[in-house]
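Before any questions on how it binds or moves, here is one chain, the form predicted on its own, in structure tokens.
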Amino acid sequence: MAHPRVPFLKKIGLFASLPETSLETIAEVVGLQRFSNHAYLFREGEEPDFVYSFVEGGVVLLGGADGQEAVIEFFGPGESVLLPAALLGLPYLASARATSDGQALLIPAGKLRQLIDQDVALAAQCARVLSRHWRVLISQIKEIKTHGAAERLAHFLVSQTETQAGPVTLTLPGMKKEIATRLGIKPETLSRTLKKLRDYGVETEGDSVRIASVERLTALVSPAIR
């Protein structure tokens, strides 16, 4: 009989494709923790005790001191955060604050390092996840340095959808001022840019965004940052 935590592991991108034997081993050491909206899961500078993988809900990663924190990225269900810190045994470079109620799988950082040394499949999957995160980081740097607000926002909205064509309605992963910080623009610039995107079939109401045609919005985005 499978360990009761295995179904949760299969919801996480980092673990979903692993063989059953690997999942059973990880399930023996992983914990499941609920968290509340706006709660901090960890703080910048703390030692990485766990890798957090989100079954429900999500977080925003923040860099800097309280009151002057800058949004780095949003993470939601199925994703894992700050794997490099856990693998290297180095302090977190960002804080994680919940954007909703949810629950996360917690795997002890030291135990994960041991399992990676023993399990080739897990080591390969960690390498793939880290490679994807590296590409996202480079894409964000290119956006901020070489593209305007409209293209940055269009790319961000497209990245939040799970479809590549047709109409879609999505919920912003955080407050608009957090989205603006993530994109490297001012909140008032975000408001103006959202109005400009109406010409491309984008309508907003609160934190809900309706996109009339994902492919039409995608056409605004340079292939180099998709």
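So that there is no doubt, residue numbering starts at 1 and follows the sequence shown. None of the values given here were measured: they were computed from a predicted structure. Throughout, rigid core stands for the largest set of C-alpha atoms superposing within 1.5 Å between the two forms.
Form predicted together with a further copy of the same chain: not shown, discussed below.
> Pick from G184, G57, G201, P187: which residue has any heavy atom within 4.5 angstroms of a further copy of the same chain in the predicted complex?
Replying inline: Residue within 4.5 Å of the partner: G184.
>> Considering non-hydrogen atoms and a 4.5 Å limit, which listed residue (L106, A150, L87, A98) is close to a further copy of the same chain in the predicted complex?
In response: Only one option qualifies, and that one is L87.
> For A70, is any heavy atom within 4.5 Å of a further copy of the same chain in the predicted complex, or not?
Replying inline: Within the cut-off, so yes.
> Applying a 4.5 Å heavy atom distance criterion, does K111 contact a further copy of the same chain in the predicted complex?
Replying inline: No - in the predicted complex, heavy atoms of K111 and a further copy of the same chain never come within 4.5 Å of each other.
>> in the predicted complex, does D119 come within 4.5 Å of a further copy of the same chain, counting heavy atoms only?
In response: Yes - in the predicted complex, heavy atoms of D119 and a further copy of the same chain come within 4.5 Å of each other.
> Heavy atoms within 4.5 Å of a further copy of the same chain in the predicted complex: does C126 have any?
Replying inline: Taking the distances in the predicted complex, the answer for C126 is yes, it comes within 4.5 Å of a further copy of the same chain.
> Going through 137-153 from first to last, which residues have a non-hydrogen atom within 4.5 Å of a further copy of the same chain in the predicted complex?
Replying inline: Contacting residues: L137, I138, S139, Q140, I141, K142, I144, K145, T146.
> H38: CA shift of at least 2 Å between this form and the one not shown after core fit?
Replying inline: No; that C-alpha moves by less than 2 Å between this form and the one not shown.
> C-alpha of E79: shift of 2 angstroms or more between this form and the one not shown, rigid core aligned?
Replying inline: No; E79 is a residue whose C-alpha shifts by less than 2 Å between this form and the one not shown when the cores are overlaid.
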